[in-house]
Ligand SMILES: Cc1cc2nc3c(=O)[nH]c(=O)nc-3n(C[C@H](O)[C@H](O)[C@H](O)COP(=O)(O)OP(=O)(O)OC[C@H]3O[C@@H](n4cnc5c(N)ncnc54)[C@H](O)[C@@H]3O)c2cc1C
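The chain that follows stands alone, in the form predicted on its own, written as structure tokens.
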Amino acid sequence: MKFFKPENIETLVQSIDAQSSKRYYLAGGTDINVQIKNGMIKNAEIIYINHIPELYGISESEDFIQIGATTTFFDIIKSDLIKKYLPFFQKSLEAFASPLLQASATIGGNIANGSPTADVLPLLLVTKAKLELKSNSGNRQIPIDMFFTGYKKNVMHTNELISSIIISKNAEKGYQNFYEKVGARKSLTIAKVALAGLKKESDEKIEEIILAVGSLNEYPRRLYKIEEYVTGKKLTEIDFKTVDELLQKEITPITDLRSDKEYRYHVCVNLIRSFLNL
């Protein structure tokens, strides 16, 4: 195992090309330290980035909120800027882990780890966040719903890292919101099922809806087929058998130590029904 601490952001991006492809970035360390201890990460290069100011903090532009990748969940939960523009996003993260982990765990690490149970990903999906990826050749932005390609796999090149998360200030504005994380207990739990949603209604019709789930696929994802089906319909026009059929095409729950796939599926169905008021 090799450890590297770059002096600054310039040294970091210049050095990435010279490092091997088996590389991990260390900030809060709440995931990677466990993986190293359990022998899941071996003979790799660990690059420490938690001291680099360009990767940390919450700022605003005219239209967007930008969250640095090494910003902790505690920082997000306590941020007045997030509270002003993204209160649903902020409040939904209050049940994220313990206060100790909130103070260490970073939003970039939670994304990059690629866990199907990552609390923040369904929320980033419904707020249509973008990830800014940094490399020696420049920056590029990727919509969060295009980032993952499989279980713990994503579109990042070997010379890139997540530098920030970008969310529109209007991402929640005018929407009814919903977030439910179902686990073995009410707090400090890994989700068996998570559903996040935003919707607008007018004239008793669903004008727009955005749904995202966690812990039900190899990575959290949007429920595009269900969104398309219910949009423009009155609640009385929605056939829940059709919703059920579409959901079976969109999620692939598994049975593991925390729960079985049938339970996960039916919980997801009930959460969607609850959000739609059906």
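Everything numeric in this text was worked out from a predicted model, so none of it was measured. For every residue, the number given is its place in the sequence shown, counted from 1.
Although it is not shown, the form predicted together with the named molecule is what the next lines describe.
For the three residues 27, 73 and 96, a heavy atom within 4.5 Å of the named molecule turns up in the predicted complex in every case. For the residues 49, 216, 223, 65, the 4.5 Å heavy atom test against the named molecule in the predicted complex is passed only by 49.
Of the residues given (86, 193, 144, 118), 118 alone sits with a heavy atom within 4.5 Å of the named molecule in the predicted complex.
Shown alone here, residue 104 lies within 4.5 Å of the named molecule in the predicted complex, counting heavy atoms only. In the predicted complex, the named molecule stays beyond 4.5 Å of every heavy atom belonging to residue 168. In the predicted complex, none of the heavy atoms of residue 197 sits within 4.5 Å of a heavy atom of the named molecule. A residue is said to contact a partner when one of its heavy atoms sits within 4.5 Å of a partner heavy atom; residue 31 meets this definition for the named molecule in the predicted complex.
With the named molecule left out of view, the stretch that reaches within 4.5 Å of it through heavy atoms in the predicted complex is, among 96-104, 197-205, 169-177, 136-144, 96-104. Residues are counted as partner-facing when one of their heavy atoms sits within 4.5 Å of the named molecule in the predicted complex; in 152-169 these are 156, 161, 162, in sequence order.
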